[in-house]
Structures are given as structure tokens and as C-alpha cells.
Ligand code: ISL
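Below you'll find only one chain, the form predicted alone, shown as C-alpha cells.
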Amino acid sequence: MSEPWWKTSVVYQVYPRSFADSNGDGVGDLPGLIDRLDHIYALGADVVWVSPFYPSPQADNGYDISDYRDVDPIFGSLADVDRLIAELHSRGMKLVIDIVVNHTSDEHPWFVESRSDTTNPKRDWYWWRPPRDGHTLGAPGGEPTDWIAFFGGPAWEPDVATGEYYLHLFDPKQPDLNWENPAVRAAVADMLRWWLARGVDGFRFDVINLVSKELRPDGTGVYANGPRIHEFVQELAASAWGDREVPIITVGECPAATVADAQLFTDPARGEFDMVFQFEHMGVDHGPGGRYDIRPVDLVALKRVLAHWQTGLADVGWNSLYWCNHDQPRPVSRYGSRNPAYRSASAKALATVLHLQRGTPFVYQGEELGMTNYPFTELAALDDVESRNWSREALERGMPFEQVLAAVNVQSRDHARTPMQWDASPHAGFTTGTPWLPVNPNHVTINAAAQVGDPDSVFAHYQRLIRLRHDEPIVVAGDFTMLLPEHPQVFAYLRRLPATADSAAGSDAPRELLVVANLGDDAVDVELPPEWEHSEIVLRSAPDEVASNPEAGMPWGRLLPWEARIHRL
């Protein structure tokens, strides 16, 4: 196939703080990751994406970077990065690193200089503004714009020493870089070239569509998909990786991006990103108040969103496919069954409907085991800055404690960050010390040791899905047609690849796959295309003992609870 290598690949995300601890300090590290690479290799993933491991004060768990060209001692050293690259490459795998350049830490030398004096050469490397007319620094209403930070509170922080505000779209310890300054863009490009020379194979760019901003005199402005965003990305791509003989993989995280935005970002002719992370499907269980305004998952809405992205990027661009990452709760707890008896089945069904879509799948650590949300009983146990800030503000507004706790138990980012569950031993085999976040109590039954080698496990099902992507061209190149779009319980679609003149079978018939899954606790009868009744079942999530019992000999179109099937015509 002539497709780029990343279209046939599966990416496995590692949150290094929570993956594997090699030295017993309770925090995961790069040597621990290296020791566990064979787990990812056995799964079948081709690419490992590692969240930030750079020096950082850890105000936002490493997404506040104080040095882009080193490793925080809690994670290891540059020598460990070199060893990680070598170990991955020896297995035929690739490394993607996280790049956070919308903002830095306030302890980064660039910002230390910038805030030292209004005449410092790096003053304009960040967004500094005086108070609005008629206001004094720090007084209510004095902020240059009325923007609210993603982690709560005003997006402008007063700096008494220089008498101005600086912009931080996230935490006050994460000041925003001013990409309008060409010196900033040049420094970012130089840093990327430095990592590429070291041997990394690609980048995931954190909130990259926020780097173009427009501040207006009337206190309004734009900070998402700003007026120069595509100019900035094209310039970065051309200067940092555009001339490489071996293509890398680039992924832009783009909050609030639309399909139209993604078409521009991922059109190969434009020279920007290979794919973007969009968030539209992450909002189907959010109310008007945002992620902690909990609503039941609307499957019809979820299908509508995913189909819109499939068709929208069918001719131009490419999709990223994900249920989970370090910022999202566990998919089994979010989209799967509330009945523990169906945890494994729902994990398999969700994986099936995602991985057979057109795009590059991303597996977040523990997802391949069906790990679940952590059962928090007290707010003091939360680590995530966003969850802590929201909880505090919600209590101050008068929201009952029970309601606040229930919301974070559904949506907190901490759920994705509890330690990886390797075995049933104390601390799940993650560390010999005290883990930085508590291990989920269900690790005694949900763990890698119990699943690897078990053909009926969630892990084994992920292995089969990944092999199918590697082996079956329809999964990568076929088109997508949603079936039963209004069905409240069934997720079904067709993948179709037109025949070619050099078809191995010598047939002019198209190749087709049917994906059908029951995402509910009750068996369901559905009307499916009759020509598929006697088709080959390529993959079925129900275990063999279920498939062989009398009830499994159901009429065509009847699905067991949380059963997923892939048929070949």
C-alpha cells in the first residue's frame, strides 16, 4: 500500500508518572517504561506516545515545562530517552513525544527574563498588557480581556513588580507564549529539530490551535483558531520537519476544532499536521455547564458526531480515533456498562466500534485491560489541578458535597492517571514504594498478568483488532457508511474498498466489512442487510463458550448484551 506508515499504525499513549516505577519512589519513570516495552510490543502497537517528561515544577503534572531539552530527574535522564528510542527502534516501533508550546512554566528561563523588566529583550516572548483604562492592577475588571482560564478564574495574572498582567489560558504558573514574535517561533522550531536529531519519530502538539491570539482594544479577542494559526503551523512544519526524507507523525490537539478546521489542518497539500485531536465526541455527556455538568451518554448523538467526522475527512485529511487519554475518564466507566458483569464485554465492544473506523487509533495505557474510574470518597484525594479548582469553586457556589463528589467521580482527569495495573500484588506491581496516586482497588482482578495470554481477555481482543488493522486494507483505506443512525443501542457501519485491477482475487467485486455492536445490557434484535446473513465472522467479542451455547445460535440480527461482531462479505 502507498499509504503513509502512520495510517496503518496504532499509537499507545504512556503517562510516564503512572506507568511503571523502577526505583520505588512511587512515581513512574522512563526506565520503568523501558522495562515494560514488551507489553506494548505484545499488544501490537507500532508507536509509543509519551506525555511530558521534561523538567517541570509539576503544577500541571509536567504540562508546565521549565526546560524543553532535558528530562526531569523524577523521570530519569536524557540517556534514558536515548535508550528508550533505541529499544523502540530495535522492536520496529517509533517514539512520539509531547510538545507543549502554547505556554511554558513560569519557572522557564524565558519567562524569568520576561518578567524581570519591561525592557528585557524577552518581554515580548509572552503576552503582557497593562490594566484596562481606569483600573488599577489587580482590581476587579482590570484584566485586559474577560477571558476565563480553562482551570478556572481570570486568564490574566497581575505582576506587581512590573505593573502589568500576563496571560495564562491555563494555570497561573503556565504563562502563554507570544507566537506573534518570530523569535518565539524560531526557538520552538529549533527545539523540535534538536529532538528529531536525537531520534524521535514524531510530535503530539498540546492545545496547538490556541497559539494564534488576537487581543482587541475593547477588551475582546480570539484565542482559539486565531487569524494566523495556519500560517504559524505551516511555517513550523516547513522549518522543523518539512525537509525530512523519512516522514514523521504529527498530531495537533485542537480544542473546539470543527470538521472544516480539521480539513485545513490535515490536508496533505497544505503541509500542516497529519491528524488532529478533536473533542466534539467528548462532549456528548456534558451539559451546558461543561464537563462536570454530568449527563447520560446519548449514543445517537455520539454516532452522529463520529459519522460526521468520518464523512467530513473522507476525501481530505485524516482522523484520530480515541476514547481516552490522560485528560479523560476511563471509557468503560464512561461509555460502558454500569453492571460489573459486563465490564469486559463493554470494553471489547467499545474497542471494536472505534478501531474499525477510518483513522489512526490511540490506546491509552490500561485501556487495553478495561481499567475503570477510581472510586474517590474524598475531594482531598484529588491531584488534578482542574478537578481541585472546580471542586473548590463548586462548593463555594453552594453545590452539595455529594453532588461535587459524584461529578468528579465521573469526569476527573485523575481517573486516567491512577497507576497502571500490572498484577494483583500490593500497588498493582506499579511500585515497591507508595504510589503518588492510589491504585484502584479492583487491580486484584483487573490487571495485565491476569489477561496477557488469556484468549478471552480484553487484552487479547485488542491484539486481534490491531492485527486486523495491520492485515486488512479495508480498515485503513475503505470508505465509511453509518447504519441504523437513530438506533439507541446499536452501533453499526459498513467499510467498503472498491476493487482494483490488480486485485489478488482477480474479482471486480468490492471488498466489504460490516461492524455491528450492541452497546447495551439487554440482547437486541436489529434489521441488518440480508446479504450479510451468511457472511464470514472475522471477529466476535463474545467468548467461545457463549458462541457455542444454544442461545448463541440466535436468529441473524440478534446481538447478545455488549456483543460486537465484524463480518466480511
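One rule holds for the numbers: they count along the sequence shown, beginning at 1. Everything numeric here is computed off the predicted structure, so don't read it as measured data.
The following text describes the form predicted together with the named molecule, which does not appear among the structures shown.
Colleague: Where, among 409 to 417, 109 to 117, 223 to 231, 300 to 308, do residues come within 4.5 Å of the named molecule in the predicted complex by heavy atom distance?
Modeller: Checking each option against the 4.5 Å cut-off leaves 409 to 417.
Colleague: Checking a candidate spot here: are 63, 204 and 386 all in contact with the named molecule in the predicted complex (at least one heavy atom each within 4.5 Å)?
Modeller: Yes, each of 63, 204 and 386 comes within 4.5 Å of the named molecule in the predicted complex.
Colleague: Is it the case that residue 103, even though its partner is missing from this view, gets within 4.5 Å of the named molecule in the predicted complex, heavy atoms only?
Modeller: Yes, contact at 4.5 Å.
Colleague: If you check in the predicted complex, is residue 279 within 4.5 Å of the named molecule, heavy atoms only?
Modeller: Within the cut-off, so yes.
Colleague: Consider residue 326 of the chain shown here, and say whether it contacts the named molecule in the predicted complex, taking contact as heavy atoms within 4.5 Å.
Modeller: Contact check for residue 326: yes, within 4.5 Å of the named molecule in the predicted complex.
Colleague: Would you check, heavy atoms only and a 4.5 Å threshold, whether residue 469 touches the named molecule in the predicted complex?
Modeller: No, residue 469 sits far enough from the named molecule in the predicted complex that none of its heavy atoms falls within 4.5 Å.
Colleague: Exactly one residue in 128, 374, 493, 170 has a non-hydrogen atom within 4.5 Å of the named molecule in the predicted complex; which is it?
Modeller: Answer to the contact question: 170.
Colleague: Report the residue, out of 272, 143, 253, 367, that has at least one non-hydrogen atom within 4.5 angstroms of the named molecule in the predicted complex.
Modeller: Result of the distance check: 253.
Colleague: Even though the chain is shown alone, can you say which residues of 148 to 183 have a heavy atom within 4.5 Å of the named molecule in the predicted complex?
Modeller: Heavy-atom contacts within 4.5 Å come from 151, 170, 174.
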